[in-house]
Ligand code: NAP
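The data below hold one chain only, encoded as structure tokens and taken in the form predicted alone.
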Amino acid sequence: MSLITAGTRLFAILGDPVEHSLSPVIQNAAFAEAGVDGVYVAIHCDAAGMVGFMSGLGRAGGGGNVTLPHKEKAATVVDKPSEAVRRTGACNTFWGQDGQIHGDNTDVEGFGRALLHFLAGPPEGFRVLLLGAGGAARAALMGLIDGEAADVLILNRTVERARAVARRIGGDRVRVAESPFDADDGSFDLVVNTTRLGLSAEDELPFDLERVSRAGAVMDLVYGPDSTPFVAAARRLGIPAVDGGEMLVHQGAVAFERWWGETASIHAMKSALQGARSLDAGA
């Protein structure tokens, strides 16, 4: 990392929890590779603190990311929301420009890029089971709809919350599971977990994949030092699966582009992520 001076731009990921985040690892690697004068840190904060940090960092010429559970609140803070923020009602990336706070939801484009890399093509015509109805689910749903998925079934513990997401983004290609059993025996080309289940080793699985007749692939937006339990369960059943590390890198690259106006090094970010995971796994 280059010398930190009074001119160094400060970026931070804001969330609760945030201690597990590998965003500082991948972003600082990208900053170093590009030779830009910035540093990226993690800040644990509640909703009120998040608002203050967003305002302070942005107006000081920096920016950052917002993670669980603050993405929807963050959308109400920005002065200049992107189309993705307006459509999803969630913001995960912010920066200061011309005295105003700009916001984007790079989860949308990041999800699309990660999915394209994982599937080697768009989800055109796919039947998808989407687990969860929070900020990450909104981004994933927008990416799926824009990617021409044919049918998306949202399964969430709170049905009304799922209905709200479907009304906001989905249209006639989105359905809401009215009970936990509506997905049983279904055939899906893709199952996407957008819940936070898997962040803790004690968490239950977000879904039992043996309940469906077919799952062509699994994408878990949670990540950790090793494969998540959901990814491991899918692979035991012979289902191709990927965890949230892929999306972390791609949404982070989009955020980098917003902050610096240039392309991020995916190679540097992936190498840093792999190195950090190897260290954590060996700890």
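The first residue of the shown sequence is 1; numbering continues from there. Only a predicted model underlies this, so the values are computations on that prediction, with no experimental measurement involved.
Although it is not shown, the form predicted in complex with the ligand is what the next lines describe.
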item: Heavy atom distance at most 4.5 Å to the ligand in the predicted complex, all of N156, V222 and Q251; value: yes
item: In the predicted complex, segment of 117-125, 178-186, 195-203, 76-84 with a heavy atom within 4.5 Å of the ligand; value: 195-203
item: 4.5 angstroms heavy atom contact with the ligand in the predicted complex for V191; value: no
item: The ligand contact at L68 in the predicted complex, heavy atom, 4.5 Å; value: yes
item: Contact label in the predicted complex: R211 to the ligand, heavy atom within 4.5 Å; value: no
item: Contact label in the predicted complex: G58 to the ligand, heavy atom within 4.5 Å; value: no
item: Selected contact from M247, A255, M54, V218, since only one has a non-hydrogen atom within 4.5 angstroms of the ligand in the predicted complex; value: M247
item: In the predicted complex, residues of 123-140 near the ligand [heavy atom within 4.5 Å]; value: G132, A133, G134, G135, A136, A137
